[in-house]
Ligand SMILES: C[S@@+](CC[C@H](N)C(=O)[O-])C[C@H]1O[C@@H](n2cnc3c(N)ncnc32)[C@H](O)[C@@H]1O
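Only one chain is given next, in structure tokens, and it is the form predicted on its own.
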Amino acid sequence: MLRVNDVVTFTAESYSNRETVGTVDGYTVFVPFLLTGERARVRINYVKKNVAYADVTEILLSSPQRALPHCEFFGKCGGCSLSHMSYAEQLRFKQNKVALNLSKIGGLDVDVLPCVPSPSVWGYRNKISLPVRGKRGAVKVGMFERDSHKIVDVRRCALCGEWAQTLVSLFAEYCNMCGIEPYDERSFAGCVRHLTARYEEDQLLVTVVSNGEFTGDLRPLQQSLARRFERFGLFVNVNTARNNVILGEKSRHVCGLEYIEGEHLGVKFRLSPDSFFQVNDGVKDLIYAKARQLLDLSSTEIFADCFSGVGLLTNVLASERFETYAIEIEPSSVADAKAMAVLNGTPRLTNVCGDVTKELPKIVAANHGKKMTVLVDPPRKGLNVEICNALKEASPNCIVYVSCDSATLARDLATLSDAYSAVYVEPYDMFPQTDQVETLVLLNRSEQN
């Protein structure tokens, strides 16, 4: 019988999400930071019925696919979970994760292609969202520890470029110099909750998330930013909610750039600080190019892009040959999408601000009988039954589903399976060094429908 603090010998038989799984004395045991085939001494930290969780104390047999972690904070900071794997093993892990979820959760028998690698495996992130904690004069800006809300003071994240290291350091220095009080989750007191930023095309947008109206002097921060970045914008966002949501609804522009301008895949864009945009530009472009290739728009009369964000992919796919609708719930993203359509002279495009659950059925009803093609790129929670039903009602010849969570993807594909079949499933490594994976799926309408 296993008990907490028992130290036992464990062999990693397979992967289960970010952990390995094996059997010890009749218990199913989950252990992070191992590779399949490795043997280790592990300490049990949780037991319930016939399931246990443990941490490694000593590796007895190492896999040839084991890699030396690139970051000194690996294993403590919750940002990375796979840096102990070679990159080839990370890609195999992600292909296997998608396949297992589609099989076990969705009950689907479908081939999953190898995971497409990221052009950059380090320094790829164009965005940071970091909690600010600690004490006045000793501010910590970093990441939460694995499975906790204790902060790890990470001044340099290997997933981001030098721009992030520079920004985090000067922001912490500013807070300490000016006596800015960091947020306390237990008392809900303090001033600064988060630091968020996006860096694109040598342009930086910085947002200080404040627990109420920010009353500190921002001029020293402006001056520090000006010395290190040629093109930047500074914003303050107010968030007094007692939850884990990063941004509040109210933001104000302090100085500098109001948005980032750039061009990807031949489409000009503008980004506001809180607009959704994929964090890995190289992989984003690969996914969007493949989506354009997979979608059969040759005979469509209506194209609907659901959860369209700032509308980059919408503009890539839009055409004067058919009507295009882009549905997005975040007002700032819709504003950026409208500006993008004007910048690019995109024809026959309507940007809709609203909930896909409500807006997609309206578009379907207004275009009854017309041939429709649909792309969905939902947040991590995926679709819901109402959206799936609206998709079935629209009866497009094909649907492209871009997913950032293969578990909710599997659930949704199962819901759609009476009308659509997944004929192409390809994972993409949008988030190297982490256990997260993006998946592109082509769904064709079943012959009997």
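Quick note: we count residues from 1 along the sequence shown, nothing fancier. In this text the structure is predicted, and so the values were computed from the model without any measurement.
Just so it is clear, the following notes concern the form predicted in complex with the ligand, a form of the same protein that is not shown.
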For this session: Could you tell me which stretch in 179-187, 153-161, 324-332, 195-203 has residues with non-hydrogen atoms within 4.5 Å of the ligand in the predicted bound form?
Result: 324-332
For this session: Spell it out for me: taking the ligand in the predicted bound form, does every residue among E19, C71 and S81 have a heavy atom no farther than 4.5 Å from it?
Result: no
Problem set entry | the ligand: the contacting residue among T373, T346, S272, Q278 in the predicted bound form [heavy atom, 4.5 Å] | Q278
Problem set entry | in the predicted bound form, the one of E263, D355, E301, E320 near the ligand [non-hydrogen atom within 4.5 angstroms] | D355
Problem set entry | Non-hydrogen atom contact Q90 with the ligand in the predicted bound form at 4.5 angstroms | no
For this session: Verify the contact flag for F307: yes if a non-hydrogen atom of it lies within 4.5 Å of a non-hydrogen atom of the ligand in the predicted bound form, no if not.
Result: yes
Exercise. Might G106 be said to contact the ligand in the predicted bound form, defining contact as any heavy atom within 4.5 Å?
Worked result: no
Exercise. Does P379 make contact with the ligand in the predicted bound form, using a 4.5 Å heavy atom cut-off?
Worked result: yes
For this session: Let me know which residues along 280-301 have a heavy atom within 4.5 Å of the ligand in the predicted bound form, or say none if there are none.
Result: Y288
